[in-house]
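Presented as structure tokens, the chain that follows is alone, the form predicted on its own.
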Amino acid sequence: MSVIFTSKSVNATECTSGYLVVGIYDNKDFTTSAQQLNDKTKGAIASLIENGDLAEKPGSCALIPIVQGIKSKRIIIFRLGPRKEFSTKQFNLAISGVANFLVNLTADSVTLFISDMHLQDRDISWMARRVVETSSQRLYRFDQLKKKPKKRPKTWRIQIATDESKSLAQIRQGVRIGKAISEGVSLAKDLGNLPGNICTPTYLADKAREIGTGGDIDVEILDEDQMEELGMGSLLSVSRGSREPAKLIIMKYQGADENDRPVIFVGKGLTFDAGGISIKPAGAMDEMKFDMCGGAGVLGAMLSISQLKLPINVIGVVASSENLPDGAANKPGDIVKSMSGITIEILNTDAEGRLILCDALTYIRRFDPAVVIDAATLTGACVVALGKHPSGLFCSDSELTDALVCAGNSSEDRVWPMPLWDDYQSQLDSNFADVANIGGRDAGAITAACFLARFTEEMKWAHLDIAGTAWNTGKAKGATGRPVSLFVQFVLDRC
């Protein structure tokens, strides 16, 4: 299924879409488009409200199925809440409600009016973008592996409309950005949702090549022999327990002068993590196919950035492997040598993400990065600390911290700063190597970040622990596509 988004300046009474979607505030306070329709239909919308057919909370929707006097046969009314209290939160609730309502409809042609919705801290371009992203997210389904997928329209056509022609250019800009981000998010979701027997490190590498052939991205894939020559003993120690060969994926997008230092995104790409010899409990182990969501986020962001043709240089790097128990797998107590020369005592083989990331972070020094941001489903401790709403942000650079917090708030893909103090480094002391790969029970997310910090000295670097945000559990199990929108917003802000 695909979604086609367009934009148009038109009077609501002249639309010919299968469904015409307009909002109203509380207390019969109509938006301009709703008022136009109400007048033209001899009070059909007012009658619906008076009959109590529209619940009084933002996002509530009601359908008027057959309407005389206008060119569209169906109208959907949705609540915005009180006009005086209209905020970003209310807008998001309203648009989410509309998107959820549309999922259950059969028609594939929808026109949504966003004029006369004014937010203090957001412009209409941002609102159009959020409509695109939210609609795409709600209409997304991963059913390509089912014998009989649920029947739905093959193509949804959603038109974002305004009756103010002066705002059309802004809406088109928002739609363009929203479409690019949505495609990146959908790609990241697809990769995350694929099972480990399909989405292997080789599969990820092939997907990166596919992205490269369709855009302005040069792709290089390092195999295990090449990584061995580079001295990536830490990364390769993880892949020894798997029959699937590890891959280091490098994707280069050049949108600026070749001498401009790049932004580099690094993603953890563990396509399945059983924990190795320190094996995980059986319950919910299937969800460890999501342990590559950081890498999926990098691939999705690179796709979006290339489609937007942004004037900036960006490199995406994904370190990909499996982590399984095997006769050749890491054992607790083993010591490995990283590409940087730092030796690592492996006290827990389930703390493998940092083992593959540290070599990737050393490798990228050759590109002289302006900024490095890694994303990894790194620790359960971060889920305990922050839950499922923000990703954990670890960064000792205040300017970069502020930029990521701002990008998170703007993209609705939020982060929360966590400490990255040297006080925690002593927990990683080892009697036998330069550093241990775990720091004990206390502050597990922080000590994991502190481990990575040892490989990023003198770089402007931030670490995102997305263990709580990369996928949903339970009935709604599935990848979220985060942090694609955060990455793209960060790059947009730098442009």
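Sequential numbering from 1, following the sequence displayed. Owing to the predicted nature of the structure, the values given are computational and were not obtained by experimental measurement.
What comes next is about the form predicted in complex with a small molecule, which does not appear here.
*Asks:* Between the options 224, 123, 116, 350, which residue brings a heavy atom to within 4.5 Å of the small molecule in the predicted bound form?
*Replies:* Result of the distance check: 350.
*Asks:* Pick from 232, 378, 314, 303: which has a non-hydrogen atom within 4.5 Å of the small molecule in the predicted bound form?
*Replies:* Checked against the cut-off, the match is 378.
*Asks:* Can you work out whether residue 280 and the small molecule are in contact in the predicted bound form, taking contact to mean some heavy atom pair no more than 4.5 Å apart?
*Replies:* Yes - in the predicted bound form, heavy atoms of residue 280 and the small molecule come within 4.5 Å of each other.
*Asks:* Considering only heavy atoms, tell me if residue 359 and the small molecule come within 4.5 Å of each other in the predicted bound form.
*Replies:* Outside the cut-off, so no.
*Asks:* Indicate whether residue 354 is a 4.5 Å heavy atom neighbour of the small molecule in the predicted bound form.
*Replies:* Answer yes; at least one heavy atom of residue 354 falls within 4.5 Å of the small molecule in the predicted bound form.
*Asks:* Please run the contact check for residue 273 against the small molecule in the predicted bound form: heavy atoms, 4.5 angstroms, yes or no?
*Replies:* Residue 273: yes, in contact with the small molecule in the predicted bound form.
*Asks:* If we take heavy atoms and a 4.5 Å cut-off, which stretch out of 293-301, 379-387, 257-265, 397-405 is in contact with the small molecule in the predicted bound form?
*Replies:* Going through the listed ranges, the match is 379-387.
*Asks:* Are all three of 288, 438 and 467 close to the small molecule in the predicted bound form, meaning a heavy atom of each within 4.5 Å?
*Replies:* So, yes: the whole triplet contacts the small molecule.
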